[in-house]
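Before any questions on binding or motion, here is one chain by itself as structure tokens, the form predicted on its own.
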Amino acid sequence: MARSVLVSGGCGFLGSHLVDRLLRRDDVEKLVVVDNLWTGTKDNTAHIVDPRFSLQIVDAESFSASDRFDEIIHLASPASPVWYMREPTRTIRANIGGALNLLSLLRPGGRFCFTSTSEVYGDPLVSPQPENYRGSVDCTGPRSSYDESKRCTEALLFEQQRVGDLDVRVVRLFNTYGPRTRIDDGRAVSNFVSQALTTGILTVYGDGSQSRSWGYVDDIVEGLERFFWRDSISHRGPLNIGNNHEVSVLETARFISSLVPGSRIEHHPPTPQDPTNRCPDLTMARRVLPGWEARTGYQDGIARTLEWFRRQIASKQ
């Protein structure tokens, strides 16, 4: 049966990769991307020539359409603290307002997919973090516009599922990196890579002992594809998707510096409420998506990402 699909944030880093996967489907008759180009860029979808694809440059919370959609995937939100801490109201509006508006455009019985975040666990007191961990979140802190709007949107979707005819899929994404990230994205891997290739000075906040679990984009999108539409499963989430191999921020910076001769590391004061660790408990993911795992080692993935950044920087000179 022909399907009509909407992706909010489809010009973003992760969204554009997901759009590529959706266009491999024979049953997709129409694919509408809604993006205000706040953190996304047209360059990420410039390669698409498929007639089924259309781009609407508009906020997810104000987009309107005469037709309804069989599937909606809501990714419209900045994911980097640099961006969401700068415009907290806009971040909250994108997540919650976007979800409320897009729900009105879903056909009865349609599927609504949402990319939530490991940030809902806050600065976790347990590691790795399972889906039933309620988190250690400061709901009035400097990261709360992102954390809490993601948590609230999760609540909205699962409550709407409880009282209405809604098929939801909610993932909690852990740190993801790879090609199509903005050069000025501001998150650790992209920041270190762009700094190494430009100023040569990699900025580590604090002592760098805080750990992250870096998931290469191809692996993460494979998990999203399987959970959002490809596998026939009943589980609706929340579901952790990420790499469960922890690496310290300092070790990551040192590795990236080793790839760019002449670059060096500088330590700056720690950023407010920077989580000490991030590591997904993937027990549920292994049960729901048998055989899936983040297979790309962080060194291999970073090397690929660095070469992509190198080409991007060269093309703009």
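Note that the structure is predicted; figures quoted are calculated from it, not measured. One rule holds for the numbers: they count along the sequence shown, beginning at 1.
The following text describes the form predicted together with a small molecule, which does not appear among the structures shown.
For the candidate spot formed by S4, V32 and A65, no residue has a non-hydrogen atom within 4.5 angstroms of the small molecule in the predicted bound form. Contact check for L106: every heavy atom lies farther than 4.5 Å from the small molecule in the predicted bound form. Within 4.5 Å of any heavy atom of the small molecule in the predicted bound form lies no heavy atom of F158. In the predicted bound form, no heavy atom of L102 sits within 4.5 Å of the small molecule. The shortest heavy atom separation between D43 and the small molecule in the predicted bound form exceeds 4.5 Å. Partner contacts here mean any heavy atom within 4.5 Å of the small molecule in the predicted bound form, and among 123-131, 237-245, 210-218, 223-231 they occur only in 210-218.
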